[in-house]
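As structure tokens, one chain now follows by itself in the form predicted on its own.
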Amino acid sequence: MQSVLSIAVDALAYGMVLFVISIGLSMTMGLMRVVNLAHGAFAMVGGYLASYAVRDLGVGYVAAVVLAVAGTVVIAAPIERLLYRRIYNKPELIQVLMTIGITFCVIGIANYLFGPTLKTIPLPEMLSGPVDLGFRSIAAHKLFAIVCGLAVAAALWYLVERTPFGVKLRASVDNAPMAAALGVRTKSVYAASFAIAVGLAAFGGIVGAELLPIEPYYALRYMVTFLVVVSVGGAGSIGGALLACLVLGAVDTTGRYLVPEYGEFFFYLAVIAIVCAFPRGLLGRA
């Protein structure tokens, strides 16, 4: 029973970290129609900035998270305006080449500025110890990751489905020329959506640093993982991304606990099975 609970907690925490990072990619791919392979690079930038703020500047953890997320969005804003706007509505191959080039540039700059070493983000005392739930103890940072994932899912669903901005975003996606004719500033909507996606990537990179360590080739190491989550869940689907992360997190964590010598075999086996059964993703739309 202890092993089952440990697997369940680790799987849920891992799944929620994947969700917080990947949901931004799901937005850019499903709602903005951009294959953004540089998404993981922005998660890495957030982790690097948070590590620098806490370790070198002595900033508190919460303040470091806020500064790192804001800093990542500020860095990404001119990139969106100068580069990403050139590939909106362009063929997927052009988007892939552009964004993977951005990824390598970000990796090179990060290595030059911060050095080619693993970056840690020291946790505050309240997140570094265990939390006693009565029937067992759980690492506080894992519980924090789970709560953050649920909060992000609820907030993002409300933003997209229940706010005027969400209406404008969905209108811009379905028919951008008509939305523009009706007075919707589609470029501003896309810029705001991109900023939200980048901010979520940075936030996920920070919150998940204990499970997905921030290192020089983070963006490349987890690029396929983030893409897989979006494909399995269905691009643009918040519920699909959440379900995909929970399922794949459970499969991957269980496999690593029980048969660690197989590595990620069961993770990708589950991906193949799900994609064969649901070509558009678990909750993807036509």
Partner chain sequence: MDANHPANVAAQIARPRFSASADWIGLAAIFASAVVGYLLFPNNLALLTRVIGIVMLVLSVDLVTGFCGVATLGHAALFGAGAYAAGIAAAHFGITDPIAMIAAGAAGGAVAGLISGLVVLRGHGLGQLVLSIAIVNLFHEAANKVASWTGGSDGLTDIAPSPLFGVFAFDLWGRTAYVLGIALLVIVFFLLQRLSRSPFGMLCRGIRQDPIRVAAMGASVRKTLLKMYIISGMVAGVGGGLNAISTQVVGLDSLSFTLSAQALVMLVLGGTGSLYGAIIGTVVFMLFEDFVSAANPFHWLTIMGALLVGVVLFAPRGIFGTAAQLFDRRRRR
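In this text, all values refer to a predicted model and were calculated from it rather than measured experimentally. Residue numbers count along the first chain shown, from 1.
Beyond what is shown, the protein has a form predicted together with its partner chain; the following relates to that form.
Applying a 4.5 Å heavy atom distance criterion, does M32 contact its partner chain in the predicted complex? No, no contact at 4.5 Å.
Please check if R86 has a heavy atom lying within 4.5 Å of any heavy atom of its partner chain in the predicted complex. So R86 counts as contacting its partner chain.
Please run the contact check for Y217 against its partner chain in the predicted complex: heavy atoms, 4.5 angstroms, yes or no? The answer is yes: Y217 has a heavy atom within 4.5 Å of its partner chain.
Does V275 make contact with its partner chain in the predicted complex, using a 4.5 Å heavy atom cut-off? Output for V275 is yes: heavy atoms within 4.5 Å of its partner chain.
Would its partner chain in the predicted complex be within 4.5 angstroms of a non-hydrogen atom of every residue among L93, I100 and M223? Contact check passed for all of L93, I100 and M223.
Heavy atom within 4.5 Å of its partner chain in the predicted complex: which of C105, V147, A181, L118 fits that? Just give me the one. So the residue touching its partner chain in the predicted complex, by this definition, is C105.
State the residue from M44, A68, A38, V230 whose non-hydrogen atoms include one within 4.5 Å of its partner chain in the predicted complex. Exactly one residue meets the criterion: V230.
Option from 120-128, 158-166, 137-145, 106-114 whose residues, in the predicted complex, bring a heavy atom within 4.5 Å of its partner chain: The contacting stretch is 106-114.
For the stretch 230-264, return the residues whose heavy atoms include at least one within 4.5 Å of its partner chain in the predicted complex, in the order they occur. Heavy-atom contacts within 4.5 Å come from V230, S231, E261, Y262, G263, E264.
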